[in-house]
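Single chain ahead, by itself, as structure tokens, in the form predicted on its own.
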């Protein structure tokens, strides 16, 4: 009976993790679209939705603590539970970066679209793919898939470096645009770190499945 209760608890956690990943991926997509279309209301919805992501993380943490306290998990179960806490934290940070991207909509509102916006859109799309892939790898307990998803971080890093070079050149050519150009660099940095967090989440999945701590995409 006790083991059955534990397994049901894990199923509840799995549902929450997948719901959190879905919410974060959708938030990132809305944030990118709000910047591209200058949709202030859509940008605001991303910020409001972040509270839901935070509440899901809190629910995951509460369930983990409850299972540890009441179900006497063995070592492999503890490994899973502690890794899930890390996984949820990485998804939460990704949600925060979606909010930062959405906030840029207000800063650039009613201006012609900057050419860098397209690069930010590509980075956001790659971030979404990493979020969705990480969720699939967790659901399937597929460490090989987790490794493949983590490798996608190289693509985001490449986009970030190219955007950084392009924007720095723009700042030199048009010093009066320096403040807003710096904001674009900051946002790009957030999206680059989002990829890092998904890589960390994939490392947690590998640990759950294989019991081995590794650094992916180092």
Partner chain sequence: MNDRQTHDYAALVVRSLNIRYADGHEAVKDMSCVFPRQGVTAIIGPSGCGKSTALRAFNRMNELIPGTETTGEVIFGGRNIYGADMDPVRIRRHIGMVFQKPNPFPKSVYENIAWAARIHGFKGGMDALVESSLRKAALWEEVKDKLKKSALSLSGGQQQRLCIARTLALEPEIILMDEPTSALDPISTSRIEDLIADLKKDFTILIVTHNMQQAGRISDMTAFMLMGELVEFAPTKRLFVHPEDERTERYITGRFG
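Positions refer to the first chain, counted from 1. Note that the coordinates shown come from a computational prediction; the quantities given were computed from them, not determined experimentally.
In what follows, reference is made to the form predicted in complex with the partner chain, a form of this protein that is not presented.
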query: One stretch from 116-124, 133-141, 95-103, 77-85 that, in the predicted complex, holds residues within 4.5 Å of the partner chain by heavy atom; finding: 77-85
query: Close approach of residue 215 to the partner chain in the predicted complex, 4.5 Å, heavy atom; finding: no
query: Distance check, residue 15 to the partner chain in the predicted complex, heavy atom within 4.5 Å; finding: no
query: The partner chain contact at residue 210 in the predicted complex, heavy atom, 4.5 Å; finding: yes
